[in-house]
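What follows is a single chain, given as structure tokens, in the form predicted on its own.
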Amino acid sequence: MVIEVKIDEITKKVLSKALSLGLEVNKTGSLIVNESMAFHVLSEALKEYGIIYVSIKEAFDRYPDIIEKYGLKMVRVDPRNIDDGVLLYIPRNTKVLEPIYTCFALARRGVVQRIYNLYVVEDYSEAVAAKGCLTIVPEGAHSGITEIYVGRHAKLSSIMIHNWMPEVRVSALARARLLEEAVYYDYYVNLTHVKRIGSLTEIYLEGNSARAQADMILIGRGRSTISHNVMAYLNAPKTSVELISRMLGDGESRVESTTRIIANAPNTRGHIECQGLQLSNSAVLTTKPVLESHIDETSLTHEASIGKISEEELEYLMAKGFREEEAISLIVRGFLELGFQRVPDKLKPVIERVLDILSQARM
């Protein structure tokens, strides 16, 4: 029997409890792990369904069996050097119907925040992990490491929204393992001007008929330097993956997207699509799609392009009565709207607002 968990109902109870404790909580489900007691109340409520949602430090102490079985298998992390992070464990035959939100805030100037997350979705289960990272200080560094396990016939959607400041440096590493007929969806977007982002996501499709898709929106502003890398390994028959990226270059930013698919098993399929839109003559956009096959029974394709806003398209919209800034905004909005139909319904209003912000003329 599959258990369906309604996070909205649980969260309402949690927020009601939080308010009774004197906590000011305005937005349902948005919980800053370091700051909000509501996180702990939600954690206790989810235990009724066998779901474990705790800080990673608590997980090392209270759930060493889960850490031993799933954690620290694809990455090397010294637990003594971890500042924070979460363990999200969805047991077998459990479907969480709404997103589980986690927010990490960099709140101290000039420090390095070290995060380790472990997401485990057992066989025949489903979850949506919505993550946000932000800073409330002008400078600092954030280092995030995430391990992901998606069991047989299980599904995980992972949404990451970065909201940094101009002097913040970010490094991120994520590795995901997919078993038989598992489905993994990854959506990434950065919203703001940042000093530097260096990220690597690796997806290992280990079970027959596993599927994955990664949609990336990379925004270059000011003097930002962004290097975003995604690699997918088709290691089992009938596995498939799509890696899709959109890049915007404004100011003097440098944005690089490297996507790679490695086929190691027969009857596999992979596709890469990279597109860049140049909004400034001083920005530099680089796209590197790579296809690598070690077997003759695979189909790998890619397409890539970089260009500027079409004068004809701009003139057409202005002829329809739009001001130039409005026309540019509409064109950028349409360019960024990749993968939107694949975003879970509960998150579409969030992504809609994000795209509206990003599409503003000259950003």
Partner chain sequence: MALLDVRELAVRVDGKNIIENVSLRINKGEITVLMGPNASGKSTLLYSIMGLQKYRVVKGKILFNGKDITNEPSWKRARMGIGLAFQNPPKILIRLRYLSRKIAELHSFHESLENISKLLSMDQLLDRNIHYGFSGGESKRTELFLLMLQKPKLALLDEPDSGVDIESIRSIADCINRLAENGAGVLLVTHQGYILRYIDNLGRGYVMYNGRIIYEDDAYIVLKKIMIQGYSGLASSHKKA
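What you are looking at is a predicted structure, and each value in this text was computed from that prediction instead of being measured. We call the rigid core the largest set of C-alpha positions that still match within 1.5 Å between the two forms. Positions refer to the first chain, counted from 1.
The protein also exists as the form predicted in complex with the partner chain; that form is not presented, and the subsequent description refers to it.
### Message
Check Glu326 for me: does it contact the partner chain in the predicted bound form (non-hydrogen atoms, 4.5 angstroms)?
### Response
Glu326: yes, in contact with the partner chain in the predicted bound form.
### Task
Consider Gly50 of the chain shown here, and say whether it contacts the partner chain in the predicted bound form, taking contact as heavy atoms within 4.5 Å.
Judged by the heavy-atom cut-off of 4.5 Å, Gly50 is well away from the partner chain in the predicted bound form.
### Glu312: touches the partner chain in the predicted bound form, heavy atom cutoff 4.5 angstroms
Taking the distances in the predicted bound form, the answer for Glu312 is yes, it comes within 4.5 Å of the partner chain.
### Query
With a 4.5 Å heavy atom cut-off, would you call Leu317 a contact of the partner chain in the predicted bound form?
Contact with the partner chain, yes.
### Query
Can you say which of 292 to 300, 42 to 50, 318 to 326, 60 to 68 gets within 4.5 Å of the partner chain in the predicted bound form, counting heavy atoms only?
Correct option: 318 to 326.
### Query
Lys69: with the rigid core matched between this form and the one not shown, does its Cα shift 2 Å or more?
Stays below the 2 Å threshold, so no.
### Query
After the core is overlaid between this form and the one not shown, has the C-alpha of Gly321 moved by 2 angstroms or more?
True for Gly321: a C-alpha shift of 2 Å or more.
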